[in-house]
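A single chain comes next, written as structure tokens; it is the form predicted alone.
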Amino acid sequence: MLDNVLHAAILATTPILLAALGGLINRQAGIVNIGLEAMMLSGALAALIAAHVSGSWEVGLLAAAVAGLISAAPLSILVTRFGANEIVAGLGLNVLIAGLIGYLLSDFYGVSGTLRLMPVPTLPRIDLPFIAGVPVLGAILSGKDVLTWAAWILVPLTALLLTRTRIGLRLRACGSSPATANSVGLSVPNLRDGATLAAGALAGLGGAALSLGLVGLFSEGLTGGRGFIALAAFYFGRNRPWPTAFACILFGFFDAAQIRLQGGGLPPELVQVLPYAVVILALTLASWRRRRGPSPEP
């Protein structure tokens, strides 16, 4: 039972982690990306269609990243070039993308809500025979798809990017003191644009982790608020990659647990709110921690 929950929790963590890392980079550059949900949704649909047409999951992942990037572009332009409120612009993007996807499904595919395309190559999973049978460890490491491995490799890489590279230091300067960054010749709008596009690409891959990695189809409610959960994760992690990753594991665990609990006789409506109740609790704790002292450097 525990091994099954752990296995499902690691897979459920992947889409949240990818989006959260993108949102974290964006936040370090000074923009709160509320549009992660839309970017995940567009990436999930693009991945499914591209994988079906090409017969290749690699092409599906590329399409997901590009779709997320394209979805992020309007948000970035509105915020950095026209001074739009990032919260309002992000919420508007979520509504816009949801509406466009509903139109595409009904007009081009003649379906409403759910799109199934056959055949669709799903993400391959990497089995590790020498540890697959080991309790707990085998459930955590073996049988995970390529995006799950990539997501966890990105955690230390993101930490290195933000703290040990010139571009990372410039992004942090844009977020902490835009006026100072401008005074030393940095282009704050360009750096923020780059961070937003990177967040879009990562969120798009998070969507692909759902459509190609977990379910093999697309539905309008596929993301289920995971973009907002990713937002909560990097706030809870105080904009640091490793604490953000652990927050994503927490949310992924409760996401997987609520599926298991539905078969245990508990009311499904009550069980389904469990991950979101955890998000509210996590945000409350994060707010309490921030009031106790300044946020440390990543």
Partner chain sequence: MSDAVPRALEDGLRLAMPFVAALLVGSILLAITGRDPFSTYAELFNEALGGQSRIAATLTAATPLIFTGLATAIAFRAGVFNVGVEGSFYLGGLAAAWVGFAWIGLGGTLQMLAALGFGALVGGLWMLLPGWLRARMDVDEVVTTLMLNFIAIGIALWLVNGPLLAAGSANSATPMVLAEARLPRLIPPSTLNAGFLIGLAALVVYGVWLRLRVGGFENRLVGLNPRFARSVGISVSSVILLAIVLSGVIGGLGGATHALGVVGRFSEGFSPGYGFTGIAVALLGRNRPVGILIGALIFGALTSAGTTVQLFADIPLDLVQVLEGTVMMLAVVEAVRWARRRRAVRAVAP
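For the two forms, the rigid core is made up of the largest set of C-alpha atoms that agree within 1.5 Å on superposition. Please read these numbers as outputs of a predicted model, since none were measured by experiment. Residue numbers count along the first chain shown, from 1.
Omitted here: the form predicted together with its partner chain. The next part is about that form.
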query	finding
Residue 124 within 4.5 Å of its partner chain in the predicted bound form, heavy atoms	no
4.5 Å heavy atom contact, residue 61 to its partner chain in the predicted bound form	no
Residue 156, heavy atom within 4.5 angstroms of its partner chain in the predicted bound form	no
Touches its partner chain in the predicted bound form: residue 152 (any heavy atom, 4.5 Å)	no
Stretch in contact, per heavy atom within 4.5 angstroms of its partner chain in the predicted bound form, of 198-206, 177-185, 141-149, 114-122	177-185
4.5 Å heavy atom contact with its partner chain in the predicted bound form for all of 136, 253 and 256	no
Residues in 85-103 close to its partner chain in the predicted bound form, defined by a heavy atom within 4.5 Å, in order	85, 87, 88, 89, 91, 92, 93, 95, 96, 98, 99, 100, 102, 103
Residue shift check between the shown form and the other one, rigid core fit, residue 279 Cα at least 2 Å	yes
Change in CA distance between residue 238 and residue 279 in the predicted bound form, which is 3 Å or more, as closer or farther	closer
Inter-Cα distance between residue 279 and residue 8 in the predicted bound form, nearer or further [3 Å or more]	farther
